[in-house]
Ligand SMILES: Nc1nc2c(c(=O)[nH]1)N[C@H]1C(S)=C(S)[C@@H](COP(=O)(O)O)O[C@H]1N2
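Take a look at this single chain, the form predicted on its own, given in structure tokens.
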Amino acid sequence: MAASPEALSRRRSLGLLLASGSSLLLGGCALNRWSNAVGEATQPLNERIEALLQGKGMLPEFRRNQVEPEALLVNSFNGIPKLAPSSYRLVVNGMVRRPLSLDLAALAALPQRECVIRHVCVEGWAAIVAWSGPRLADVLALAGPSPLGAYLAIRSADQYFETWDLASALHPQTLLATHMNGAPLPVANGAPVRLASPIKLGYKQSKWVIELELMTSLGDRLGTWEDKGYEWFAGL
């Protein structure tokens, strides 16, 4: 599947330029046994390079009147799960001092942030969306993350699984969105809670999020699509 033109940003283009100089540098999508071994051996280098290209600054946002409601397509990994808002809990555990189980009221009590950003899908489409909710960084701060934490595992009610580097999770524009385009988040788009960020491709932005686990290292699973050969970092 071809990535959209938006996905080939300056950062990604520079990454591809670096890749052309060495197949060992950014060749993370090959599927044969040798390439998989090389990818595992060079993954920390890949991550450092992409994180450097991504940077830590704020990405430009759009105006509210630029939102494209019809352009955001709905897809799901294993159907749309049924989550009752009254019983919903977001579990935060792993390498934290204070494991949490947060209801929607607790999430709403945190400072709320709106980001009008472009959602870019690896399938080749994009949409400008206004997401709002607490920053993921603020939720993790409540749990008191250990200095040893470096990665975040995200589990969803539809069995979708993702992992992020902690720096991307703590980016100030990475949200646990509970609202979309000024209204409560629709169930089809991930209600009651989903990830939203302008710094990652769409498949990294899990819907129906129910658990966040802070980890010291990546395990055997990288993500639902990453385990099938998709790029892990998937930065924009």
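Sequential numbering from 1, following the sequence displayed. Predicted, not measured: the structure shown is a model, and the values here were computed from it.
The protein also exists as the form predicted together with the named molecule; that form is not presented, and the subsequent description refers to it.
Residue 121 is the only one of 121, 152, 107, 117 with a heavy atom lying within 4.5 Å of the named molecule in the predicted complex. In terms of contact with the named molecule in the predicted complex, the residue from 189, 173, 178, 168 that brings a heavy atom within 4.5 Å is 189. Taking the partner from elsewhere, residue 125 is found to have a heavy atom lying within 4.5 Å of the named molecule in the predicted complex.
Within 4.5 Å of any heavy atom of the named molecule in the predicted complex lies no heavy atom of residue 88. Within 4.5 Å of some heavy atom of the named molecule in the predicted complex lies at least one heavy atom of residue 194. Although the partner is absent here, residue 163 sits far enough away that none of its heavy atoms falls within 4.5 Å of the named molecule in the predicted complex.
Picking from 141 to 149, 67 to 75, 95 to 103, 109 to 117 the stretch near the named molecule in the predicted complex, with a 4.5 Å limit on heavy atoms, gives 67 to 75. Residues of 146 to 173 placing a heavy atom within 4.5 Å of the named molecule in the predicted complex, in sequence order: 156, 158, 160.
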